[in-house]
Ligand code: BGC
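We begin with a single chain expressed as structure tokens, specifically the form predicted alone.
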């Protein structure tokens, strides 16, 4: 195992951005930036023994600042949507920055992914990134001390561990927003990828992608991935929920007890032979099929077109502050937030 640090470029104010490359004995590697604690590249072995970068992203700081749809970024202090864009905590109202459709605070209005994080090498297989989110940033209360550890194991497991505490009661909800294509970032559509989701229910939304409350069973719907289906098999089905979101962009309720590391999803590309298994301690996972990717040039100038990458964002459910029936992510002052998500890779037999 080894960790290498490289310069990745400079912020507009002259701050240098670094890339940390964690490499294991089989030459698989995770490339993580101090900008946004962003997973910029992830090289994994395919069925022929070749290495493929299975994440979409960019080659420059400028592109991450001006073109990004959160590719690979650490998102927080509250990932996904809050609508209306306000919080009420202990009787105090906190207006939030609105950055979607004039009503929604999406991904905390891009705080963590646009921040420059500090980095330390913890071990030959692990780098830790830290950031202090100031009280009131985009409306969220509390000074929030946040750390994210990326660890790549010899058996090709990328472990991402999050920790945070705040000095005021506040909502905390973090995720990694990587767009995956198991055939490689330049390989085109992900619709032939086969997916299993370890979830019997999903969270329906309205036309603005805001949860309507409660959960619905996946059985008998295009949302049933309890056995393997290709992503494209039913994505164009006549279903109100798919029409609202232009395809899959929904929270799925992961089976099992939150807090325990357990499977959330498994994805296979027959072309590359690469299998990705997602495990998490969190209650939900957002499956997004890249419906709104719009051809923005990414790595090596390759356009990120519609449905050329998919996301599996582990999380507390969207709009939890307005949905008391959802698992709560309100943390008291000084109370520790901790979660773990693993992207484990192998090759199909």
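Positions refer to the first chain, counted from 1. Keep in mind it's a predicted model, so treat the numbers as computed, not measured.
There is another form of this protein, the form predicted in complex with beta-D-glucopyranose, and it is not shown here; the text below is about that form.
> Flag residue 107 as yes or no: does it have a non-hydrogen atom within 4.5 angstroms of any non-hydrogen atom of beta-D-glucopyranose in the predicted bound form?
Close contact exists here: in the predicted bound form, residue 107 approaches beta-D-glucopyranose to within 4.5 Å, heavy atoms only.
> Is residue 111 one of the residues lying within 4.5 Å of beta-D-glucopyranose in the predicted bound form, judged by heavy atom distances?
Result no; residue 111 lies far from beta-D-glucopyranose in the predicted bound form.
> Spell out, yes or no, whether the shortest heavy atom distance between residue 313 and beta-D-glucopyranose in the predicted bound form is within 4.5 Å.
Yes, residue 313 sits close enough to beta-D-glucopyranose in the predicted bound form that at least one of its heavy atoms falls within 4.5 Å.
> Heavy atom to heavy atom, is residue 286 within 4.5 Å of beta-D-glucopyranose in the predicted bound form?
Yes, residue 286 lies within 4.5 Å of beta-D-glucopyranose in the predicted bound form.
> Every residue in 69, 81 and 179 with a non-hydrogen atom within 4.5 Å of beta-D-glucopyranose in the predicted bound form?
Yes, the whole trio is in contact, each within 4.5 Å by some heavy atom.
> Would you point out which of 302-310, 48-56, 24-32, 288-296 contains residues with a non-hydrogen atom within 4.5 Å of beta-D-glucopyranose in the predicted bound form?
Partner-contacting stretch among the options: 288-296.
> Going by heavy atom distances of 4.5 angstroms or less, which of 249, 156, 128, 279 would be at the interface with beta-D-glucopyranose in the predicted bound form?
None of the others qualify; the residue that does is 249.
> Which residues within 148-167 place at least one heavy atom within 4.5 Å of beta-D-glucopyranose in the predicted bound form?
Residues within 4.5 Å: none in this stretch.
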